[in-house]
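Starting off, we have a lone chain in the form predicted alone, written out as structure tokens.
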Amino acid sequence: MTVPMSRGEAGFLGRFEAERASLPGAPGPRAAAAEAFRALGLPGASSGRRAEAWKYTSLRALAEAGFAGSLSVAETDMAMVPRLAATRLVFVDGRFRADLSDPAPGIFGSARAPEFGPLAQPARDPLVALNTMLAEDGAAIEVADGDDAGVVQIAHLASAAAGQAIACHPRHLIRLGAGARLVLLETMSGTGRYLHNPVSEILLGPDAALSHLRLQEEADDAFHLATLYAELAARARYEAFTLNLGARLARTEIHARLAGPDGFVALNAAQLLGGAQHADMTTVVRHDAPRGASRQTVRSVLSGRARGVFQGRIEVARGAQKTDGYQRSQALLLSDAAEIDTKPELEIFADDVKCSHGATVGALDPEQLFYLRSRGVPEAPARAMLVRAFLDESLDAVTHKAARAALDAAIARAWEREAA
């Protein structure tokens, strides 16, 4: 099947106009998103508005690339997808594949018509507008009050069939009722050149707890642009960990809002980048209720001409007294050409709060390297040991054994490619 190529903003808008009659779901949100995307443009492209949130990441390369619509091919290399849970939902080129999945009854429905939840803001965020405009499928997970849904894996696989560059825009909606529990493991991989632009909306009821682990291992020539929204009711917990290893250009943007008192958010990440890779971790945590706590820690290891970005913002509303917010960025630069950009932000309107931030940038400790060399460890293994020790501390929060093993294996693969 031949699929027309779309190039840049005009191409995405042209694809929407050509397909709007066949796209599932209500047409109103899509049309409004198309107008927002037309007005906002792609950040960094010639027609895109200047946006402070995109100061360190330009999408000019994306605007200049050409993409076809998503293609869900019959033959799929599932060997690329680690199996981490009995309940597994597989999306190929942005579309749910029932033949490859093992859904659990009662908590999952494939969103043949994508569910547009209440949290996303396409009028403000251009990538969310693009997703809303063109989304065709996504996961809809709902856990009832008091239920423990165990572990669920969402596996994204891009095939770029027959050398055809594709763009896919899955839309996921996760709802946990009061006191509900879920461990969500998300893996992203693929081959060829493609754009993976997922949007996830997460709503947690009172006392709900979601542990969300994300392994981003996209193809070397891929664009990975993920946006997540999470809203927490009273005493809810959202603990997220992202491991960025793949993609030519990656950006993970997370907006978390503590809407009820005594909530807890952890947005942690690790990045291992080489060559000319660019990865951006941008977070916004809004404390709108008292006694909330948030933790953000990002560790980056950069070699070659790689560039890492961490933008962390904490917003404390006037009534959010006794807020406890913390963010930290740590980077290890393995070459003179590598670069890290860190921008912490605090916006505080309450007077009884504890908020802090910190950043460190450095190279491998020569004394530690000398110690290992003096004990007979060759230089390459010694460097690898120090890098792994630096990253392993960030993985300590991952308590799920299969997920931790998958993350460790992914880091080992990425380091082997970089060292080769």
Partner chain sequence: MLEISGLAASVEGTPILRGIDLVVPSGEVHAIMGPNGSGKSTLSYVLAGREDYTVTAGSVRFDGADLLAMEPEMRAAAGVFLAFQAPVELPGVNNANFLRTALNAIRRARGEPELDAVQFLKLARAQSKALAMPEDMLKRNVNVGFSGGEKKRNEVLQMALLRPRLAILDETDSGLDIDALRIVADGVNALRRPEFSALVITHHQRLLERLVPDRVHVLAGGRILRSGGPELARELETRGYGAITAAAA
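Residue numbers count along the first chain shown, from 1. Computed from a prediction, not measured in an experiment: that's the story for all the values here.
Omitted here: the form predicted together with its partner chain. The next part is about that form.
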Identify, from the list 352, 35, 64, 379, the residue with a heavy atom within 4.5 Å of its partner chain in the model of the complex. 379
Students should find that, of 389, 31, 363, 26, the residue having a non-hydrogen atom no more than 4.5 angstroms from its partner chain in the model of the complex is 389
Answer for residue 372 alone: is it within 4.5 Å of its partner chain in the model of the complex, judged on heavy atom distances? yes
If you check in the model of the complex, is residue 367 within 4.5 Å of its partner chain, heavy atoms only? yes
Taking heavy atoms and a 4.5 Å cut-off, does residue 385 contact its partner chain in the model of the complex? yes
Heavy atoms within 4.5 Å of its partner chain in the model of the complex: which of the stretches 354-362, 389-397, 56-64, 36-44 has them? 389-397
